[in-house]
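Take a look at the structure tokens below, where one protein chain is shown in two forms, each on its own, as structure 1 and structure 2.
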Structure 1
Amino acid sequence: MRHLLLVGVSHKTAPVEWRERLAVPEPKLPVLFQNLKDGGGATEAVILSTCNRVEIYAATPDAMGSRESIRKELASVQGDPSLASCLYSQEDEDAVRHLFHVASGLDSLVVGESEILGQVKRAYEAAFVAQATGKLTNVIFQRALYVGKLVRTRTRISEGPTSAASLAVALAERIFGNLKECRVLILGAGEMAETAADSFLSQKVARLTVVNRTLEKAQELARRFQGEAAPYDRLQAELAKADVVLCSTGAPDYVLKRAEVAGVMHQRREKPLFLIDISVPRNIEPAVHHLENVYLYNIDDLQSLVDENRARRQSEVDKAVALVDEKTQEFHVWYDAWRRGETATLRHAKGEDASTFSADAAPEKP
């Protein structure tokens, strides 16, 4: 009997210091795909690694036997087998429902976040390009992307702050009361940095500076959001001027360490410095928090704002959950037929043509 097996960790089950140790850097994906096939018993696999979760979705003929093998393979990416103990697992319909919840933003740190749908899509495309997907994962991930879009179309779950970056800006506003007099430094130039820059711009901050290892990317982001760009070798000087620093980079190690920040504080004459690190792995050394007049927040420290945000939109969350449950039940008909090697039909929405997926059909491009 064929199965869908999910093995992973998320912000709901482990703190950031564990999640960062299980994160799978993009260069390590090809090796992990091969290891999952050779030693994990997976015939197909998609790896979703974000700041809030690391999950492997695998097709396998032996869910029980593959579960422990896949846990060990994931834990071994960072060379720490003990991490396998913090991983959860789900099978078949439960795994499908979980993926649909993830793609819909229902399992995110910030419920309704917009970034996760793109992250799911990119994870699927990476697996497809690596020839790690097959019939089951192709259909399930295409369906998950459809469900994620449907939830955002039929509900207002994505209204208001819907990302860690936008909540980080809300945290800064809560600290300062008014950001119009604040000088903000953004370290990084990726998707989350862009969201943060947009949110800070809406608050009309006094000064917005972007620093990135690639100056051209910093300049492009700064230009779009009425800010300034500075080369990476001027990071120390920019830290000395800032009131709030938001860090979101893809670096695998700390880019700001205690000794560096301590030197900056001497230049600042101990004027308070607020650091918000939404990177996973974390990019600011936790020991920085122990410096006098330095206040460091990481992605898990946003939880109180997350709870407030969810409470305000609970009715829309309930609608989204009901819609995902409905689509999971619909998909279960196809899934049962696939496991029996039969042909079944899925409809994307009322009025659309039916899509027929048979067990022996060739994989579809994402």
Structure 2
Amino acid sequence: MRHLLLVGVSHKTAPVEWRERLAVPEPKLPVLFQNLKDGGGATEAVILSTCNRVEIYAATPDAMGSRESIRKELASVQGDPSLASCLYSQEDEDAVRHLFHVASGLDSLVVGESEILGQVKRAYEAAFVAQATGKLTNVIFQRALYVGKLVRTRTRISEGPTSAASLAVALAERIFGNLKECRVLILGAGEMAETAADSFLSQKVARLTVVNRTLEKAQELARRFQGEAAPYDRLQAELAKADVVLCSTGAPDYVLKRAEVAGVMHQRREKPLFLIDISVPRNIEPAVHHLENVYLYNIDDLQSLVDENRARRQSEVDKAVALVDEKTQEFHVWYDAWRRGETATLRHAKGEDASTFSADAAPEKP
């Protein structure tokens, strides 16, 4: 009788320093797979290693024995047996439920985040390529990817940006559509602006310009973002060319006033202007927002929307957990039948995907 065994550590059980030490770098994977087979008695294994968790999923005929040896194995790979104390382990149905939770983003730091689904996929693919997977892990991981997608489409758990920076990008997209033709102006060299600038850069904006009171600082920041720097007296001209302005200076009062922006709008022929004021105290006069085609959001505006999104995601958790439970039980029926040596079939939900999921089917090529 084969069992599914999970041994791991996550942000819920261990601080980041411990997780760092347990993290399995990709080159080490083949050795670890081999050790799990030889020393751990695992016939199949998948290793999920992200910055928030390190988990080993293994199929083994002897759950009790394997658990201890895998614990030791994992710790010893990192050269510190004492780490074994913060590991958790689960078996069979509980392990499956846990994997489904993880894939759905229910076990993540930010509920519903979508990166984890890709990480689960890559972990499975790496194991598949290393020929460490077998029937059980193939079926479970493909099922987990399906459940992860299903939970995100059926519930609103992944909806809405959950950071001020990604929210600013989402708002810019509401105004300009595709950001590829957008020009971003960074006003001031504050740290907050950098995070936001990063999010905009990831959308491949057309141009990024930094304006700062001291030109050297602007140039330094511009180099890091592969943008351009402009002296402060060119601010008016740069505003006329920009679409999105990220403002984060250390100035004690307004650096952009209504009259100035009104003048700029005339120069830009009323092309919409999106101003993001992430400085405290505020650097852009709030009345600017009342100008036609000008949209000003300050850090509080962004934060309250972020809070709203997080609250909404949280309120969807129960629904998502119920869906995962349903899918876990469904899976368990298959699992039981399979362990008894019977043939069983798992299906995708109606309307989600027409393809049937047969346990006898070969795993998808990664």
Partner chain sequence: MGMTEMVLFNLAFAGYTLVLALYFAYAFTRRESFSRSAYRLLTGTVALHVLSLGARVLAARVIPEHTWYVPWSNWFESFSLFALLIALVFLIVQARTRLPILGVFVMPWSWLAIVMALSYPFFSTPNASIASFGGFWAFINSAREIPKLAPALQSYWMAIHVPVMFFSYSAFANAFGIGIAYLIQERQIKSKKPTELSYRLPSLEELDRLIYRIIVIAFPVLTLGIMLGARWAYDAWGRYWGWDAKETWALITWFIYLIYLHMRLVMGWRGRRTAYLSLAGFAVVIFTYVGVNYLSELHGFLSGTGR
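One-based numbering along structure 1's sequence throughout. A quick note: this is a predicted structure, and the numbers were derived from the prediction, not measured. Rigid core (definition): largest C-alpha set, two forms, superposition within 1.5 Å.
- Only structure 2 matches the form predicted together with the partner chain.
- A displacement of 2 angstroms or greater separates the C-alpha positions of residue 298 between structures 1 and 2, with the rigid core held in common.
- Once you line up the core between structures 1 and 2, the Cα of residue 131 stays within less than 2 Å of where it was.
- Relative to the superposed core, residue 248 undergoes a C-alpha shift of no less than 2 Å between structures 1 and 2.
- Relative to the superposed core, residue 206 has its Cα moved 15.3 Å between structures 1 and 2.
- Once the core is aligned between structures 1 and 2, the alpha carbon position of residue 313 differs by 2.7 Å; this is the C-alpha shift at that site.
- If you overlay the core, the Cα of residue 228 moves by 6.7 Å between structures 1 and 2.
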